[in-house]
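A lone chain, given as structure tokens: the form predicted on its own.
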Amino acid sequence: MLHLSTLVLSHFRSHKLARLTFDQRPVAIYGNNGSGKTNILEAVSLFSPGRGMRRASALDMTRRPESLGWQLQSDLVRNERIHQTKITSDKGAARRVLIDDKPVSQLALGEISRVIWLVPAMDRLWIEGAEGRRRFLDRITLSFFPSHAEASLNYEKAMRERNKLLKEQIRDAHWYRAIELQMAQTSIEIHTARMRALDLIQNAQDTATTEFPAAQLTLEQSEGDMPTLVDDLKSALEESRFRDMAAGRTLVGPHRTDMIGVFQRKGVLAKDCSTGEQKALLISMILANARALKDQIGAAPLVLLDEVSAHLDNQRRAALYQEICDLGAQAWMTGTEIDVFHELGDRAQAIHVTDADGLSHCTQHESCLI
């Protein structure tokens, strides 16, 4: 079992100081819009590699007007072992992670904690640009393979260096060889990890008993098929130099990948489905992600669901809660009213978040039957 048994927010967003304690059950967070519910979810999302569910800078997360920096603390419990985890940022400086009072890397944090989420901004995932779908896919991939973050960062750094050469119209091949080799090597790592993650998601969907529809998922490249060997991709980058020079950017590689979803039972592209069907497909993928992770690491991840219940009918909402409880996941869910969590009853704990003059206050309850 993976869960937070404590959570302390200090000068984080609208929370000046909040000290919260939990058991292993799901957490229902309710309160008016703007009261600070989603800020708690964002804090939990930072207990995983990356920039969190809002992708905000450390400076943006600090409470105003004090601007003193912020701190998050938690007793993170995984399989009965407690990891005292602290994440800090001093006046907008880069985040620092400490586990049991020792500074650690984002990769080390990812080996202990796994966090996945679904937020309202993702509702348009299937109908907007490929960048959002790549980011969604990379979060899924990162949840399975924490080293995916390092490969992605190395690739992006090398691509920025290559793009600079392209914009400066550098034609000497010598300048490109080492960069393109690094890009080719990391590209294959990224693509392989993404494909493995999709296989895990697909299998988890196909083998589950669930009320939510399965999504058939594939990867497509905007410029032909993605090479699967380092030498082939290195050659593709070499051959594309003059075309890339004209464009001023790299046109070959995993940054050009798109994730295509199909409503499996109907055979309809996700982008052509109704809004409700698109949401159901996303929920199905998040639940599949959680099930596959539980099989992989022996513990369900922390699951963050922001305002997800408000968009479901009573049957689907009850089904979602049942699947979360069956998973044994500590899911963190938000809603404006406690009534949307009524079906959870005493299977979940609750937090009422209120706001006064821009300052959030939290009141905890033992169940959703308030």
Partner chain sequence: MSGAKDIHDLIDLMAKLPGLGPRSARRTVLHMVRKKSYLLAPLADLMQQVAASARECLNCGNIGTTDICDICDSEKRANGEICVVEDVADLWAMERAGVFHGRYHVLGGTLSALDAIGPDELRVPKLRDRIASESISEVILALNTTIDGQTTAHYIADELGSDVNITTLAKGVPIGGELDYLDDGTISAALRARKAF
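Worth saying up front: this structure is predicted, and the values here are computed from it rather than measured. Residue numbers count along the first chain shown, from 1.
Although it is not shown, the form predicted together with its partner chain is what the next lines describe.
Contact check for R96: no non-hydrogen atom falls within 4.5 Å of its partner chain in the predicted complex. Although the partner is absent here, T207 sits far enough away that none of its heavy atoms falls within 4.5 Å of its partner chain in the predicted complex. Its partner chain in the predicted complex comes within 4.5 Å of a heavy atom belonging to Q182. E161 belongs to the set of residues with a heavy atom inside 4.5 Å of its partner chain in the predicted complex.
Heavy atoms within 4.5 Å of its partner chain in the predicted complex map, among the stretches 100-108, 214-222, 283-291, 165-173, onto 165-173 alone.
Contact annotation: of the candidates K266, K91, R177, R243, the single residue with a non-hydrogen atom within 4.5 angstroms of its partner chain in the predicted complex is R177. Site annotation in the predicted complex: the residue of Q84, Q296, N154, N203 reaching within 4.5 Å of its partner chain with a heavy atom is N154.
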